[in-house]
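Heads up, the chain below is alone and in the form predicted on its own; it's given as structure tokens.
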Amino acid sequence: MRILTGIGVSPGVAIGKAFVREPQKFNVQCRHIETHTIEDEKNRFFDSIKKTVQDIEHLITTLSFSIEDQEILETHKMILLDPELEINVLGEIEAELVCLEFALYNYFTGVIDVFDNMENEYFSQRAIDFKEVAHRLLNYLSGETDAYIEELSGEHILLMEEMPPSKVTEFAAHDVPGICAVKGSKTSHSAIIARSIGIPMVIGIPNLLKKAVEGETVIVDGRNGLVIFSPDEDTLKKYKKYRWRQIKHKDDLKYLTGKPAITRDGVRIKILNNIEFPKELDLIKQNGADGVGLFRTEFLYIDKKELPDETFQYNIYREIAEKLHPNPLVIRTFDLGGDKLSGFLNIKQERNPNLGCRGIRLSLQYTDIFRIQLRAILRAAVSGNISVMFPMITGLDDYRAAMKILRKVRAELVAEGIECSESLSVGVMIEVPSAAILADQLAKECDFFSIGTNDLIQYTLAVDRDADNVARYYSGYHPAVLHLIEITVNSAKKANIPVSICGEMASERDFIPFLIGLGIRQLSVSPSMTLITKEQVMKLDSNALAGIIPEVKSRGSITEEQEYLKQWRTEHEY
């Protein structure tokens, strides 16, 4: 038995036979052409683009894709139809008299190298997108296919160097029970899709492909980040039992749909959802969530050819608010960095975008874009229970500057005779340590807090949450992180304003007793985690949770706090 440890990015247990897929490599030779065949190469280019776009459209319409899948495949279409691709590839064919395959190879490897050399999660995703598009095009031109996909079945655990996001649902369609990869991160598109579909997935395993043996039995433990090769009889028996419980548990939870999450002693906990796309409203209704605690509006801007105008945004916000009414819709203003809007704005490349001009900083620097979004939100708020919150707030100066613009925008709408909300609730994201430390000041001026634990962990511990080599330092169990959450909650209590958790911690079983013990009464989770979070809340007695806080505070290390919370869960059969 061999056990490899990685990062569990999609919980659950999968058991099967190892199916090892080596990294895809472009094997393209430089073939020179004659001048009179240039037109033939151009025709081959247009034909390959047309056929590959058709293939992508077929995937969108024939498989049961998630919202994320559709967005990713639409992005691939945009890459194929980008005029820059045509200009560069056809230009090289004419100037260098090289074949289409070699011109495509040069273009894509150049773009991919640029993205790969940028230490930024967004650009890492872009590199993967370009790799997959290149792979599709070159496969078509060579007559090759990803034949291995047809070989996959419910008995195969897929092991790869890097997991292309748009392939995850294709693997699911072939009943692949689990996925492992050498590269990746918890917030990668592949991980998000795997979680939404429910495929256990572990990433960040450096020697995965070297230590795997084709066809051997392998267990994927997506919660604990373990990959177990050739398990002994007792281990296999134990995980088969886990797997059976996992399947049964999912079916058993359906009875909770639409029921309120109430602790055993009668405390109501609202279970809200984090969403990125309007189409996710169907999932909210299916699972009976209490509303939307975080609507990420970045999809309106990323990979678009032009900035979204006021009417476009207004229609989206209004439609969602009306469908959710009377439940709340909390809209986060765009949380983008200059790297994601570089196509629209003349922004210099930053060495560390996570610490640069992003979130509210970008909004305050490019107020025209910010004003358009605020106008749309204020108008849509007439039609539903809408609140707005600002990301990346570091203190009162940020908040007051944003509020000054909001008040001015509202006055302009009134002067123009356009109906808008007069009492829009305004909150801030607590995701920067300075905001948590100054939460008592912020609580006096804003209407609510939403603690974004993913970024709070990253900024508190000075660790890139998407970097494999420092993943062990990224932990919500760190005493400093839990202390900042406590400071924020206590400040909200004193000011009598609501506070919610909208990061991954909101749905993690070990943290929920601690959060409710602190006084959190709103948890905002991904739609797929609604029912499991609701069940966990309903097992608890809030009166018994207060004692958790001093016990956690008395421990001074990540290991001690983690062991205590897990021990508490075991003792209370939670």
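Predicted model, so just to flag it, every value in this text is computed and none were measured. C-alpha atoms forming the largest set that superposes within 1.5 Å between two forms make up the rigid core. Throughout, we count residues from 1 along the sequence that is shown.
Keep in mind that the form predicted together with ligand PEP is missing from the display, and what follows is about it.
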Original post:
Which listed residue (D398, D129, D335, D221) meets the criterion of a heavy atom within 4.5 Å of ligand PEP in the predicted bound form?
Top reply: D335
**OP:** Go through R410, R296, R361, R136 and name the one with a heavy atom inside 4.5 Å of ligand PEP in the predicted bound form.
**Re:** R296
**OP:** Select, from the options 83 to 91, 281 to 289, 105 to 113, 423 to 431, the stretch whose residues sit within 4.5 angstroms of ligand PEP in the predicted bound form by heavy atom distance.
**Re:** 423 to 431
Original post:
Would I157 count as a contact of ligand PEP in the predicted bound form, using a 4.5 angstroms cut-off between non-hydrogen atoms?
Top reply: no
Subject >> Contact label in the predicted bound form: I386 to ligand PEP, heavy atom within 4.5 Å >> reply: no
Original post:
Does at least one non-hydrogen atom of T453 fall within 4.5 angstroms of ligand PEP in the predicted bound form?
Top reply: yes
Subject >> A435: touches ligand PEP in the predicted bound form, heavy atom cutoff 4.5 angstroms >> reply: no
**OP:** Scan 491 to 513 and note down the residues that get a heavy atom within 4.5 Å of ligand PEP in the predicted bound form; none is a fine answer too.
**Re:** C502, G503
Original post:
Against the rigid core, is the Cα displacement of R195 between this form and the one not shown at least 2 Å?
Top reply: yes
